[in-house]
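Have a look below at one chain only, the form predicted alone, in structure tokens format.
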């Protein structure tokens, strides 16, 4: 950690805005995007604007590599060294709020009006975090491929059904034109698994945990609907319709572009580079409906205030300043993610009316579903990821889902149901 903090200290000095009044109270901000020059440039610009806009507060930025960020926050919480403002991945926020790392935001009434639901981090009825963007997943396809094989182009109102989707995959694989009919992204074995694949389970009617109580996974992760999902999931690999868990990340990144994969399940952050390679033939299609409505994941990185901040009003003031439409639009144009409001989307190159990625805003608005909003999600995501990987590699579906269910229930019991301390 020493080299990171040394570099961060240099950055803090560099961000001291000329002319800033000495009376300003410093607010520390930790961010997960070290090494991303575009993100850094936009965030630094927001900080400089905020610091120059008033005389009370001066935000100082400290950056961390994403791989080390969460561990750094947890270690700082244990040692009592949390910053004022923290960056938090949306599904992780309930765990940090429950653990006492974060406190509710102090935002003006109406500050979040018009925000996409996935950009608002709410836990126990209070808003703890807010994102400047959201993310969405779509089925990438070539119009020419679908037309050649007589495949219907789905819409939000009429997505592919489960049987239709299965027939499409079989047809494309049988054509002999592709190495695989569909690329799911199995090479990305981190949060992608629960973010991208849990929506298939939800659409089947199952879940990772009971969302009414968050006290058990019994009958939800191992019930009839979840077993049906698991059997379908395993069949994709048994039928060799998709690459397996040994997929190379390079193949993930170029396989669809080079025509090795007929379809690809991918996020909007790959949209522009794929459009540049494929051109107007590219389609971004909605998720299939496996029986309980089409679903995709929601929520991305967000800003919140630490529980130990001595200046929560100033930290919240910065966050409220940062969620202005002009900054939402700047982040979208810079890193390709979905602006959190329709007003900001209209200001962007990609998500405005007629823009090349406009469809993703509609997908997020219509199909996005949050991952389980519970402190236990951090553990549950690991179990879900392991179960899907094991099933893909041939493990017994029922035994695997039962084992994941038992592990999740044991974790809930060990943590006293993740009850909020009074």
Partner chain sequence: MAAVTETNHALKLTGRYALLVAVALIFVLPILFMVVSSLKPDRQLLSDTSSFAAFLPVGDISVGNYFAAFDRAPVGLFIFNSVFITVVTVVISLFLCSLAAFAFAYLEFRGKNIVLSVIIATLIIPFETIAIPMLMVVNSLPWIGAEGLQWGWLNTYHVQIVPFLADALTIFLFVQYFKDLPKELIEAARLDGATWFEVYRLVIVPIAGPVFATAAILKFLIMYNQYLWPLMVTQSEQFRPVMVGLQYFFQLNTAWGEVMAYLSMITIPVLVFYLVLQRAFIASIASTGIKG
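Computed from a predicted structure; not experimentally measured. Numbering follows the first chain given and starts at 1.
Below, we turn to the form predicted together with its partner chain, even though it does not appear here.
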Answer key, its partner chain contact in the predicted complex at 4.5 Å (heavy atoms) among 237, 115, 193, 270: the residue is 270
Its partner chain isn't shown here, but in the predicted complex which of 169, 317, 257, 275 has a heavy atom within 4.5 Å of it? 257
Out of the stretches listed (63-71, 41-49, 351-359, 375-383), which one is close to its partner chain in the predicted complex, meaning heavy atoms within 4.5 Å? 63-71
Mark residue 79 yes when one of its heavy atoms lies within 4.5 Å of a heavy atom of its partner chain in the predicted complex, and no otherwise. yes
Test of understanding: in the predicted complex, would residue 253 fall inside 4.5 Å of its partner chain by heavy atoms? yes
Can you tell me if residue 75 lies within 4.5 angstroms of its partner chain in the predicted complex, counting non-hydrogen atoms only? yes
Spell out, yes or no, whether the shortest heavy atom distance between residue 249 and its partner chain in the predicted complex is within 4.5 Å. yes
